[in-house]
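Here we start with a single chain on its own, the form predicted alone, put down as structure tokens.
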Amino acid sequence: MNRLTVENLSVSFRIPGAVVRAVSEASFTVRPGRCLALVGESGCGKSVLAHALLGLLPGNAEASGSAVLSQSGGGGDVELIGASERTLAGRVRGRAIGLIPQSPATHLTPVRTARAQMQEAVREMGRPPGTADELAEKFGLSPADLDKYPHELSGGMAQRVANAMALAGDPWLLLADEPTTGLDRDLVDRAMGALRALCDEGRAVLLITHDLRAAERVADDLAVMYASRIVELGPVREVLDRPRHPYSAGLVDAQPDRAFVPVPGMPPELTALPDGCAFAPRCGHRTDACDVRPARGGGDGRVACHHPLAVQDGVQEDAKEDSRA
């Protein structure tokens, strides 16, 4: 069965005089028919994690851990971390994992029409020439739309071209890296509807976003990332309605349709992460226990917190049995 299993994935960058710890011990699974949304503030490491899965990290990056791409139909397993460029280019990028990039209009080559770029993508993936038109039609693009240059495309049309190109190699997994950047709310909702439709037809989606409303629109599961680390992971409705990590609760409360109150303070620099809980300086539940880095646990492996929030009568409370330990 197709599946992406990520275990203890860490990524760091060596720069003069410092080490940037961009991703720390990330673990999750993505399966066909489901969307996992990875959310968090800008700079927390979401896009770096995505690039690590595709082997698109710069030369000063160091990655450890495991990301196993399992494929049915005789495709076999591929360990993505440390895989050769030949393996990634020949078996993974575009074929098993399709990329929907951030800011699609700027991702397209400006001096070639959308049709020319789609046809090239289809040809490189070894699929019949007519596939380009079929994919375009699937996402509501007309032949006239394909004959336009990127600067002639609206934000919504550019997004649909990017979605179509990501399917050029018929991948089972789509990696969407902040695909709604620069789009108004109506176009965001349409883009999320298109991703949900891909899941419903049996593909998988890993959505990288800072937009909780967009994640709620499309995701089955939600992973909350803070300062390089996934601090909470669970079904989207449970995480949004009953967050257990104080940071997750803060993100939810910051939404316009909730309390509309920002999370106080600022996240730490990824070059100076503390040994303990990175969220502790911003957290109202901090105790001395937070000087030790918490493992993701809470009985179900959902939350990395010494004092996870509990739900009692619909009200979030400190889990007293944990906070007094």
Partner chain sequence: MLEARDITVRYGSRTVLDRVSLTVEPGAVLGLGGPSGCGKSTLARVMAMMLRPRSGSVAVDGRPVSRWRQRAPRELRTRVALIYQQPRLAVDPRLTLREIVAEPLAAAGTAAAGTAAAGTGTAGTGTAGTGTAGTGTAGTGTAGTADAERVAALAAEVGLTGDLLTRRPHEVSDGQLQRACVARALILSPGYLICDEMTTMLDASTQAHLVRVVNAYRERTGAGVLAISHDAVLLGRWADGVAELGQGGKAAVSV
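Positions refer to the first chain, counted from 1. Please read all numbers here as calculations on a predicted model, not as lab measurements.
The same protein also exists as the form predicted together with its partner chain; that form is not shown, yet it is the one meant from here on.
At a distance threshold of 4.5 angstroms between non-hydrogen atoms, T271 is in contact with its partner chain in the model of the complex. Among heavy atoms of R196, none comes within 4.5 Å of its partner chain in the model of the complex. Within this chain, R160 lines the site of its partner chain in the model of the complex, having a heavy atom no more than 4.5 Å away. At a distance threshold of 4.5 angstroms between non-hydrogen atoms, W172 is out of contact with its partner chain in the model of the complex. The candidate stretches are 231 to 239, 197 to 205, 126 to 134, 149 to 157, and the one lying within 4.5 Å of its partner chain in the model of the complex by heavy atoms is 149 to 157. Applying a 4.5 Å heavy atom cutoff to its partner chain in the model of the complex picks out no residue from 115 to 147.
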